[in-house]
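Listed next as structure tokens is one chain, alone, in the form predicted on its own.
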Amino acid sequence: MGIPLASEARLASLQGRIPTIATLCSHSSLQIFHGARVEGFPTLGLCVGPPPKFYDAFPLARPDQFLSVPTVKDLPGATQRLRDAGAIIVPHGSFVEYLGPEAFSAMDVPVFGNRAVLGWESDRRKERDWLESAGVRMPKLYEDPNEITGPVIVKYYGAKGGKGFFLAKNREALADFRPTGPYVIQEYVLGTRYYMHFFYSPIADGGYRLRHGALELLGMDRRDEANIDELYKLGAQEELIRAGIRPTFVVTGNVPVILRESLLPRAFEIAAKIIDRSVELFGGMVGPFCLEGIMTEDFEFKVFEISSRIVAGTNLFISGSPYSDLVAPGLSTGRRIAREVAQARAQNRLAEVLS
């Protein structure tokens, strides 16, 4: 048996009924609602203002019902309505970022996954402690700018979609950085970016076994970032900066990729270490997560970040990916979440996948 996450009181609203899968109408909601519908669950879209019209263009992913609030910050005030609906909230990047990790964690509604992970993910230093204590290689972190000897990237805390990140070729170039919030200075590793979409189930009895449960790889992507991905066409970076044009890293889309098959064992080993350590630290990171890292020319994978929830790159694979199709045909991450809820409910183990 796994580690119970949700209390009986929090699960009381689900007793004797089919749960309703609910999430904020943003980010990866299309596949979350579609996956829930395929697995037989009713769905509830949480939206700011009137229901978004674009859902009408995707009838197979349109929520059965909507719950409208004036702003995302007003969602905690709708707690009783969510409980009355028998809702299970599925977190995603926009949901947590707009509401805030603390407010999200405090919502007294069943949440898919372990909400305790948000405190580790939203603080880049705690996140680093977690990953490094699991034995994962990461880019160097600079506490003292005077120690910088090469290119670095400055990142803010939280899920910002790359907004505000700052790239500096050396220590002198970092002098132009003007912070607007908590940040870290990280070594800029040269290599190929891979964003690996994993799913951890504490209740599975097959697959890639861990000490508790099993691990699956459901997809992989790389991000399109504006304006850094097209900036090279205008000339050298130094010339552009002198002209007042700076590189930015705002994510605008995603591109599917696959990894050399010989490197897959290494990817699973890294993910397994992170999961096992998460069980020790805070009861386990349940459900989807994404390892974001760089593969060097020497085949060393350095993880620069972890997203402990469904990521937008999984939207590439609403009908399945080259990896997830080898788990089950047409399996999206959204559908895998719904399937985990269904299996946990059938086994009377919802407390191990909800919090």
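Sequential numbering from 1, following the sequence displayed. Keep in mind it's a predicted model, so treat the numbers as computed, not measured. Only the largest set of C-alpha atoms that superpose within 1.5 Å between the two forms is called the rigid core.
What follows is about the form predicted together with adenosine monophosphate, which we do not show.
- For the marked spot (Val189, Arg193 and Phe304), a heavy atom within 4.5 Å of adenosine monophosphate in the predicted bound form is present in each of the three residues.
- Proximity to adenosine monophosphate in the predicted bound form, taken as heavy atoms within 4.5 Å, picks out 181-189 from the listed stretches 255-263, 271-279, 103-111, 181-189.
- A heavy atom within 4.5 Å of adenosine monophosphate in the predicted bound form is found for exactly one of Arg171, Arg83, Arg124, His212: Arg124.
- Note on contacts: among Phe165, Tyr142, Phe177, Tyr208, the single residue with a heavy atom within 4.5 Å of adenosine monophosphate in the predicted bound form is Phe165.
- Adenosine monophosphate in the predicted bound form comes within 4.5 Å of no heavy atom belonging to Tyr98.
- In the predicted bound form, adenosine monophosphate stays beyond 4.5 Å of every heavy atom belonging to Met295.
- Within this chain, Ile153 lines the site of adenosine monophosphate in the predicted bound form, having a heavy atom no more than 4.5 Å away.
- Of all the residues from 6-28, none has a non-hydrogen atom no more than 4.5 Å from adenosine monophosphate in the predicted bound form.
- After superposing the rigid core, the C-alpha of Leu210 moves by less than 2 Å between this form and the one not shown.
- In the core-superposed comparison between this form and the one not shown, Val184 has its Cα shifted by at least 2 Å.
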